[in-house]
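What follows is one chain in structure tokens, specifically the form predicted alone.
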Amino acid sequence: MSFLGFLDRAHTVAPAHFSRWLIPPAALAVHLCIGSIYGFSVFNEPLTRVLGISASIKGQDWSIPEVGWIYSIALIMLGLSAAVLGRWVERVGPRKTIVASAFCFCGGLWISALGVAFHSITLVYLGYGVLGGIGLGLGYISPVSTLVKWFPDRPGLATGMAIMGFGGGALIGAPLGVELMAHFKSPASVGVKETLLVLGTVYFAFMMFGAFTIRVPATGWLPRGYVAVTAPKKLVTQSHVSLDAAWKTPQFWLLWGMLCMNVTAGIGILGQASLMCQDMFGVSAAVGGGFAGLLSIFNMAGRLFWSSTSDRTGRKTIYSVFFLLGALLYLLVPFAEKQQSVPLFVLLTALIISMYGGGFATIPAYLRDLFGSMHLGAIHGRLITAWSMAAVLGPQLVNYISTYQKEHGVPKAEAYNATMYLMAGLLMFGLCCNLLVRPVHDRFHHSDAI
């Protein structure tokens, strides 16, 4: 058997008595690696000193806005690649997809190291941004789709286990990146090039572990003791909807709007957490950085907690909580600033970010309820284009509105208040989308599953 043949879906079908609990570690291995994208900000400042080493050389070194586009391009490509390649992912299976993801994501890191060596921002954009972003999209949707098929009894728990890893990637990747840059730093290098090479190699090894561990269940497989629901809940279908049909349903676009609003609100806070804390309460940069790290923990924990809870409450209910409670919390942030209550501010933002993460982890299960599991990976891939849109909208809204406020004489501590009210409004729009979700009409149902 050739290596490529070994990667085929047919050779990943699990044998009898295979434990489905081996799948979550495989999914986590992949998502913890690609989730390091959330910690990319640790490279921002060093990348502006590649030539100057100790200080940025104006007109020669890259600027922060130039470097910032690396992250944005990667997230945009995540959504686009997942949307375009989702059908291929379902056809070839998780092993070949994860191997392709590893070559793209880690190859992107290696190419970016080359770009740093030659001081070519275009090469870094192509490496980490374009190629790495394609790896992100492939690696994101495949483990999620596979886990849902292994856990038909607890799809919310299954998606939470995988996507928790993506949210926690920065907790490992960011400190590791900082330590490696400190280790490789020299009078001739800021250490970024060497760090990207090492990280690419380490991540490649872990993603290969995930690729060769993962399996798909045999046709007709069900967990021991599982009994199919004969009288399903209103929004939970026992049928399947194809990708082409799902794309045309109002339910798909309502969920797209919900995810976009939830992510826009959350990512705006997450991306500016450290600076917000410094501006609103006058704390040091070190304290602001610690606050950003704390939010990452709640981002990760919220993915497992909220998605698992949705198995009992239903997805529509849990999303209503996200939007209603989230809007209230955003409205209370200006109050916390006025009272100069750091503990209240931390509590409010931590809960907001937990629901931001929970929205990511719950949406695949929501898709499973409405459209079945036949083309879940492909449908999920199309849906997370909402994430790409939100990744641009959220940070830009916070950045531009707060900057405008500061430039027009609003005190720094109050410059974010208008943004908080806007985010609450966006969540109310998301709530309206959620309340309009109904079961998918029978005419969209498909009789055969792949």
Partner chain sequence: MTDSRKKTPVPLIAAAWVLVLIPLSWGVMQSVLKSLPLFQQAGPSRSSKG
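This structure is a prediction, so every number in the text was calculated from the model and none was measured. Numbering follows the first chain given and starts at 1.
In what follows, reference is made to the form predicted together with its partner chain, a form of this protein that is not presented.
Undergrad: Using a 4.5 Å heavy atom cut-off, which stretch among 125 to 133, 211 to 219, 246 to 254, 317 to 325 contacts its partner chain in the model of the complex?
TA: Single hit among the candidates: 211 to 219.
Undergrad: In the model of the complex, does each residue in the set A29, I297 and P343 place a non-hydrogen atom within 4.5 angstroms of its partner chain?
TA: Yes, the whole candidate spot contacts its partner chain.
Undergrad: Quick one: of L85, A336, M374, L176, which gets a non-hydrogen atom within 4.5 angstroms of its partner chain in the model of the complex?
TA: Looking at the other structure, the residue within range turns out to be L176.
Undergrad: Which of M258, V116, C104, C277 has a heavy atom within 4.5 Å of its partner chain in the model of the complex?
TA: Contact residue from the list: C277.
Undergrad: Evaluate V283 for contact with its partner chain in the model of the complex, applying a 4.5 angstroms cut-off between non-hydrogen atoms, and reply yes or no.
TA: Heavy-atom contact with its partner chain at 4.5 Å: present for V283.
Undergrad: Whether A16 contacts its partner chain in the model of the complex should be assessed with a 4.5 Å heavy atom distance threshold; does it?
TA: A16: contacts its partner chain in the model of the complex.
Undergrad: Mark F206 yes when one of its heavy atoms lies within 4.5 Å of a heavy atom of its partner chain in the model of the complex, and no otherwise.
TA: It does: once its partner chain is placed as it appears in the model of the complex, F206 has a heavy atom within 4.5 Å of it.
Undergrad: Could you tell me if V287 has a non-hydrogen atom within 4.5 Å of its partner chain in the model of the complex?
TA: Although its partner chain is absent here, V287 would touch it in the model of the complex, with heavy atoms inside 4.5 Å.
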